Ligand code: ATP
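The form predicted on its own is given below as one chain in structure tokens.
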């Protein structure tokens, strides 16, 4: 039995009671058929936008896109996007139809949709499924409504949306749909980066992302051209059994579905092809590749229009992913202090994922990493000093000791490093003495 939020059903019933055929459509119906609780609700109706506003006047309504027939009705705080049954003209800008014609026919409205599993409608009388979406759900398949080439040419974001949907549901792509999708991937250039990034991050964090990314490397290279050189790049190294691109995807598969960790996993070795050298034995090396990876990734993340905090966190992980680990309080304290607690543990997670994607996963390096991570958790639980706010002295103390200007920050950072590494106790008298010594050394 299909299960929908009663607040969404209220909107459907209100329009139907006013004499307008209305159905829930799209993802909410698809997810309910898959026994997944819907999060977003869309409804299609024979009512024109102005009629929706009139009938639903006691709800809060937002005129989302009246030109295209859409009104968002808020029912008990739940947004329900209500769109008039419509047919669409050509998409000359690869983004939106040039012309929309309202219709009274639900089937005509479903015919304009992207994939069959999104072209299923629910009414109290039953399910309307003119394009076989329920069969495709059973087959676990993403298939275009009608002609696949036409569907993808209409909206240049649809190829990426199709990949995201397949990765999200762990579905395969129907043969004609897959072939047309590959042909239209270059048209992503017509799409705003904000729209691409939203779909791309959902794809990266989807359950079946690794399979889709391995099957469609051209899509990733279209979005991140920096990745193109990694596809099929033989590492010629006994520690690696995969080419650089496959290793990157395997690393992503071992990382939690967090956008920053998945981005860092995907891009951490993007600097390997330009740093590749062969030694006399024919073994490949990638000296300095973390720095090059960070430089290339900075361009890629900027193109994706990601916020500054996300970019900085991701770039730090990429730049430090090859950092040698020591399971000592000195090493752990130093890097907890320099990176901060969150990024330190993210780095440990990325290093684990990276190691599992190598020819010989685990081993001594993984054991050392695990020991360092366990030690870090112990030190955090002990409330050891890793941040400036935890230091027993501050800027006022440095001023009182006679330090001035940039010397204050430099002195406090040096003290924090020493305390975090266990070289000094976090005691005010001891640290004030050190500040006094630093003042004389600067003089």
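Not measured: the values here are computed from a predicted model. Numbering follows the first chain given and starts at 1.
Just so you know, the form predicted together with this ligand exists too; it's not on screen, but the next bit is about it.
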(Q) If we define contact as a non-hydrogen atom of the residue within 4.5 angstroms of the partner, is residue 383 a contact of this ligand in the predicted bound form? (A) no
Q. Taking the shortest heavy atom distance, is residue 155 within 4.5 Å of this ligand in the predicted bound form?
A. yes
Q) Applying a 4.5 Å heavy atom distance criterion, does residue 49 contact this ligand in the predicted bound form? A) no
(Q) With a cut-off of 4.5 Å between heavy atoms, is residue 63 one of the residues that contacts this ligand in the predicted bound form? (A) no
Q.
Can you pick out, from 113, 320, 334, 184, the residue that has a heavy atom within 4.5 Å of this ligand in the predicted bound form?
A. 113
(Q) Just to confirm, with a 4.5 Å cut-off on non-hydrogen atoms, which of 67, 396, 404, 39 contacts this ligand in the predicted bound form? (A) 39
Q.
Counting heavy atoms only and using a 4.5 Å cut-off, do 26, 161 and 168 all touch this ligand in the predicted bound form?
A. yes
Q: Tell me the stretch among 53 to 61, 410 to 418, 40 to 48, 396 to 404 that has any heavy atom within 4.5 angstroms of this ligand in the predicted bound form.
A: 40 to 48
Q: Let me know which residues along 169 to 205 have a heavy atom within 4.5 Å of this ligand in the predicted bound form, or say none if there are none.
A: 202
